[in-house]
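Coming up is one lone chain in structure tokens, specifically the form predicted alone.
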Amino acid sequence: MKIPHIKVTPPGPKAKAIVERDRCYTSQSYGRVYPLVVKEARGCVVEDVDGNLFLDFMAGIAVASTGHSHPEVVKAIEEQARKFLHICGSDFYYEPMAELAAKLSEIAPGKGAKRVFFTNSGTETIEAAIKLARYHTKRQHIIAFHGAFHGRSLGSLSLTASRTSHRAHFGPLIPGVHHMPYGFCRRCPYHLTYGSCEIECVRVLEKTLFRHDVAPQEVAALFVEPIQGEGGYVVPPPEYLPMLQDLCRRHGILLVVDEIQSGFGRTGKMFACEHWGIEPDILCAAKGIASGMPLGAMIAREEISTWTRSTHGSTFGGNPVACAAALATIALIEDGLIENAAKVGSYLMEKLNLLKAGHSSIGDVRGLGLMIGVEFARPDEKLTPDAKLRDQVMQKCFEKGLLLLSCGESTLRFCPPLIVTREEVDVAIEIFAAAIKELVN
């Protein structure tokens, strides 16, 4: 059967009934995007309860790295589930946790030994990194960036600054967090031009922040996404991350790299920071680590892992079933999916840029590997973001059978499973182009 295949305009009658029941009982805090009600999913295909088949180019926010229900991952889950489901990893030992910690220590960028703390999610990983950074350095202050998304629990939310709605009415947040502009050349906060700017977005930390707000000797850590996710799939200039790393090294500040969305092969390397030769003091991972099982990991250099017994813990972090899924996931990623992300991602980028050339409503196409953002903007001198058109295109694609998600002010993200093929890219581009044409012309 040709994919996608829309039998009834979504949401169909079964989907509508479930959506209505959901609205009656679940928290209103959930940010539902469009009425997709899933029955099953395999590979890059999602089936809803009314029998519609969708082509998935969102992968559960870059989580389904090996595709939905990959047979090898399901096999690993089943085998571990038959043995035991839970033994608290904070209190006892089991092989999948020890094996996964060793594997993550091996594949994480940077020389030397590392230590791994397991969590259930990205936000918990950030919380662990905040605590370790403050504990090790005995410093309080933290630097984060405008546009950043590090999670929604209170500590991680204090670092998040992608939308004011994430933070509204939750204050006071944790003290000592300083936000600075991210290296977003297209919308430079200093109104400079790349090539002659001397990377002002890094230089300003010493010129302004360290002169007027906080001494560098009081800063515990700098948290940065190598590619901003919720902030709009923003790729910084090539000098940006190396300059941040150098700044941190000079002042004894820990460099914490948030690879929660960009890690595990998504950008054509195991971790995105490897594109720039970055060796973080702490690396935060989650999402694509276990193909959909709830798992996160904080990977820290051994020499900074100075906290002591029972300083931090987790009942469910490093669950044995999730660890088994992660080991199977990493094996698949290493066995060709990184290369596929690079090759098919390059093909997708080429196709999207060709589409951009014919549509003035597309302001920018940016990304690495299979982490690509398409920004919609009005064709004016201010490059005004067009969130309304972005949302309309996303909805139209859903109705036609293509699943996409938004990010940033007016960007759609293309982050399909790493198993995606060139043929599936062609189908996605055809639907995407048709949606734009219907709405703009």
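Because the structure is predicted, anything quoted here is derived from the model rather than measured. Residues carry their position along the shown sequence, with the first being 1.
There is another form of this protein, the form predicted together with ligand PLP, and it is not shown here; the text below is about that form.
Here the chain stands by itself, but in the model of the complex one stretch of 119 to 127, 336 to 344, 165 to 173, 323 to 331, 119 to 127, has heavy atoms within 4.5 Å of ligand PLP.
Interface residue among G151, P236, G317, P96 relative to ligand PLP in the model of the complex, by the heavy atom within 4.5 Å criterion: G151. The listed set I260, I142, V256, A272 contains one residue whose heavy atoms approach ligand PLP in the model of the complex to within 4.5 Å, identified as I260. Ligand PLP is not drawn, but in the model of the complex it has no heavy atom within 4.5 Å of D281. Remark: K287 counts among the residues lining ligand PLP in the model of the complex, judged by a heavy atom distance of 4.5 Å or less.
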